[in-house]
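Before any questions on binding or motion, here is one chain by itself as structure tokens, the form predicted alone.
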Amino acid sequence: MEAKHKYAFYLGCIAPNRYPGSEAAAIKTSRKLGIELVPLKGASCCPAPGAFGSIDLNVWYAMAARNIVLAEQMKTDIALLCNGCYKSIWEVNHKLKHNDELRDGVNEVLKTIDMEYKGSINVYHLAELLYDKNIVGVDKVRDSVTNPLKGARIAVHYGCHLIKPRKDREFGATEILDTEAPTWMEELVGALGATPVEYRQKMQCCGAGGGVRGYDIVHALDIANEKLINLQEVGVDALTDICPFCQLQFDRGQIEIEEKFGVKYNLPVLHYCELLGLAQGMSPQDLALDLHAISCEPFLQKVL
């Protein structure tokens, strides 16, 4: 399909370094849906909202603004696939557009590297674009499927930063997109032919955000373990997310949970773009699923 929408693709840190299949899947599946993701060359860390935002807000604003300026120079809106990156880049863009004093202060810093924030572009999460019927929409996602994931029971994990806090977000802050009990990810999973499965405390954090995974790994894993217990209760074939950091927490985190708590789950964890890639006919090799900490093989045997 010829691309009707073009975005500067902000990769973040974890996807290209730990889950390159998510990066590949995002680019290839989007192309089939009329979206062209163009590399945002020269981009840095978003920077991580918990690690940077809670320590030095001035650094957080300036680093995020620099990434935005790179897209402004391309005259292209940003699309990204990580909730944490969305928290930093969307929020900084939003604040700078509406706070002249803050924008002037950031531009004083950017001036030292011959850059200036102008507020001329918007920032979107790729999941937001996939769900938006004016860009793609659930029906077009369904029409792109060549290998329906029939029989697969899949639970979804929304994560925190994309739709909350509601008062500071555009996506989700509408009557049809409930932030407390959303269903749009389930709709996107259903479009792939799979069965979305509800479970207890679906909206609970993965445990990694806010820098928790970095400074209190046991507490972070305890939160993830609670969600995995809830998932085990309802019997799912896989968990899907829309954030590589959440994916790391649930995928690699299962290995760490076994080491620290002696509990084993072996639950495959896939970014939604990877699921979409499988449904559109991409191979597990195309998606680098062998790089996941938890084997996806049982899930693949069911859907391929």
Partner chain sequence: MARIKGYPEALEAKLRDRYVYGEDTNGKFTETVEKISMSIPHMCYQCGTCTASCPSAPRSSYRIRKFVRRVALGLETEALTDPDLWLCTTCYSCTDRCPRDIAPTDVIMAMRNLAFKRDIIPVNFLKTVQAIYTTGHGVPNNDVNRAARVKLGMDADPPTTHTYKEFIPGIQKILDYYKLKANADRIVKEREG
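Numbering follows the first chain given and starts at 1. Predicted model, so just to flag it, every value in this text is computed and none were measured.
Heads up, the form predicted in complex with its partner chain isn't pictured, but that's what we're talking about next.
Engineer: Is His292 part of the interface with its partner chain in the predicted bound form - any heavy atom within 4.5 Å?
Structural biologist: No, no contact at 4.5 Å.
Engineer: Does its partner chain come within 4.5 Å of any heavy atom of Phe52 in the predicted bound form?
Structural biologist: Phe52: contacts its partner chain in the predicted bound form.
Engineer: State yes or no: in the predicted bound form, is some non-hydrogen atom of Gly190 no more than 4.5 angstroms from a non-hydrogen atom of its partner chain?
Structural biologist: No.
Engineer: Wondering, does Asp56 line up within 4.5 Å of its partner chain in the predicted bound form on heavy atoms?
Structural biologist: Judged by the heavy-atom cut-off of 4.5 Å, Asp56 is in contact with its partner chain in the predicted bound form.
Engineer: Please pick out the stretch from 137-145, 150-158, 121-129, 210-218 that is in contact with its partner chain in the predicted bound form, where contact means heavy atoms within 4.5 Å.
Structural biologist: Within 4.5 Å of the partner lies stretch 210-218.
Engineer: Which one, Leu40, Val236, Ile257, Val69, lies within 4.5 Å of its partner chain in the predicted bound form by heavy atoms?
Structural biologist: None of the others qualify; the residue that does is Leu40.
Engineer: Quick check: do Gly12, Tyr61 and Asp286 each get a heavy atom within 4.5 Å of its partner chain in the predicted bound form?
Structural biologist: Heavy-atom distance to its partner chain in the predicted bound form: all three under 4.5 Å.
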